[in-house]
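Shown next as structure tokens: one chain only, the form predicted on its own.
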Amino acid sequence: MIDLLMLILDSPFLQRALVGAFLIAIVASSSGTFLVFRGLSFMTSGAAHAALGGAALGFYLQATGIAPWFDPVIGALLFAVLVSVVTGYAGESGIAEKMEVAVGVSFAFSMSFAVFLMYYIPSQDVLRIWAYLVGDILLLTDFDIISLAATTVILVFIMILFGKEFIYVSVDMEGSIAHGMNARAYHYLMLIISALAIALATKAVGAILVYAIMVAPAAASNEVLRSVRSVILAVFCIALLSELAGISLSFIIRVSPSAVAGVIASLSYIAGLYVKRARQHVGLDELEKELEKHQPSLTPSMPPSNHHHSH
């Protein structure tokens, strides 16, 4: 234990990785939970890959000298917000299927745009673009941590302030509009702030891990738990434990911490489905026992039959 503490104190990259894991777990528990409630789990992947296209635009503008000041992070954020706005516009009626289609189209556009620009970007920058896809939590910079922390604070503040409204919009968009709530404004706010958090988390740990961490724990918790508060808490715990397990295993065996965290987070969903199925099975067994218990009283009593024995 003392050796572990000394290792953490002597390793700034490990300190940043642990802080990053904590922040991404908060983002997953707040943003990921509401996106799953809304039926928009695919938007996490869409926004994360849109960040890839935005980063490619940033590197292209820098390499060609058109806009040397344009940071790839700005491009990533802009493209992620663009995906959220297109998705929000498609889903104003409250139909989740239309939003999924909009996310798919935005996803395809962003990836195609990124691949197109890669032909005109220096090879070293191409590798940095692909880093948005894979990522490594052990390679976080101070800037990554500061930007992720700032976004997390804003995200949590907005989620606390408008959490109830976000739940109404996620569960019943049409009903919220009918009750006079400005549902469209909350709808867009939820999607945009989530997209910003996803884009910065993608810069930190890669699109693949962001999708696994933000969607799988939320989907698993939603299968097993009932209250919103318990789901949010469970998502935070699963996400954080997955990332810590990934970081720990990367020191024991040569493996990517992001890959391990993604696998563990994904397995949590399978575990959630198993627990739900087991509960349903137990519930059915109990129902059958109750029916069997009341079976004699439910069947009408038959009059006793008179048997005449012939001698």
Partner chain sequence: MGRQLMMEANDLAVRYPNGDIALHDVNFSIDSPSFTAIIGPNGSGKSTLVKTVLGLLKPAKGFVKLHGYDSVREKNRIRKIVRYVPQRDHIELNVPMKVKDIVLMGRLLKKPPPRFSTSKDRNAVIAALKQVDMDDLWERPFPELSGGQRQRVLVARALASDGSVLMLDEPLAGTDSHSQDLIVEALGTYHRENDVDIVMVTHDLNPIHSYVKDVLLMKNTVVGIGTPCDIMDLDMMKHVYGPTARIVEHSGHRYCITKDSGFDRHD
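Source: prediction; values computed, not measured. Residue numbers count along the first chain shown, from 1.
One more form of this protein exists, namely the form predicted in complex with its partner chain; it is left out here, but the text below deals with it.
Visitor: Do all of Tyr60, Arg128 and Phe143 end up near its partner chain in the predicted bound form, with near meaning a heavy atom within 4.5 Å?
Guide: Checking in the predicted bound form: none of Tyr60, Arg128 and Phe143 is within 4.5 Å of its partner chain.
Visitor: Using a 4.5 Å heavy atom cut-off, indicate which stretch of 203-211, 111-119, 228-236, 188-196 touches its partner chain in the predicted bound form.
Guide: Result of the contact check: 228-236.
Visitor: Answer with yes or no whether Phe107 is in contact with its partner chain in the predicted bound form, where contact means some heavy atom within 4.5 Å.
Guide: Outside the cut-off, so no.
Visitor: Do Glu92 and its partner chain share at least one heavy atom pair within 4.5 Å in the predicted bound form?
Guide: Output for Glu92 is no: heavy atoms all beyond 4.5 Å of its partner chain.
Visitor: Whether Asn222 contacts its partner chain in the predicted bound form should be assessed with a 4.5 Å heavy atom distance threshold; does it?
Guide: Output for Asn222 is yes: heavy atoms within 4.5 Å of its partner chain.
Visitor: Ser176: heavy atom within 4.5 Å of its partner chain in the predicted bound form?
Guide: Although its partner chain is absent here, Ser176 would touch it in the predicted bound form, with heavy atoms inside 4.5 Å.
Visitor: Exactly one residue in Leu52, Val36, Ile264, Ile26 has a non-hydrogen atom within 4.5 Å of its partner chain in the predicted bound form; which is it?
Guide: Selected residue: Val36.
Visitor: Between Met181, Ala150, Val101, Val134, only one gets a heavy atom within 4.5 angstroms of its partner chain in the predicted bound form; which residue is that?
Guide: Of Met181, Ala150, Val101, Val134, the residue with a heavy atom within 4.5 Å of its partner chain in the predicted bound form is Met181.
Visitor: Within 4.5 Å of its partner chain in the predicted bound form, which residues of 149-175 have a heavy atom? Give them in sequence order, or say none.
Guide: Residues within 4.5 Å: Phe162, Lys164, Glu165, Ile167, Tyr168, Ser170, Val171, Asp172, Glu174, Gly175.
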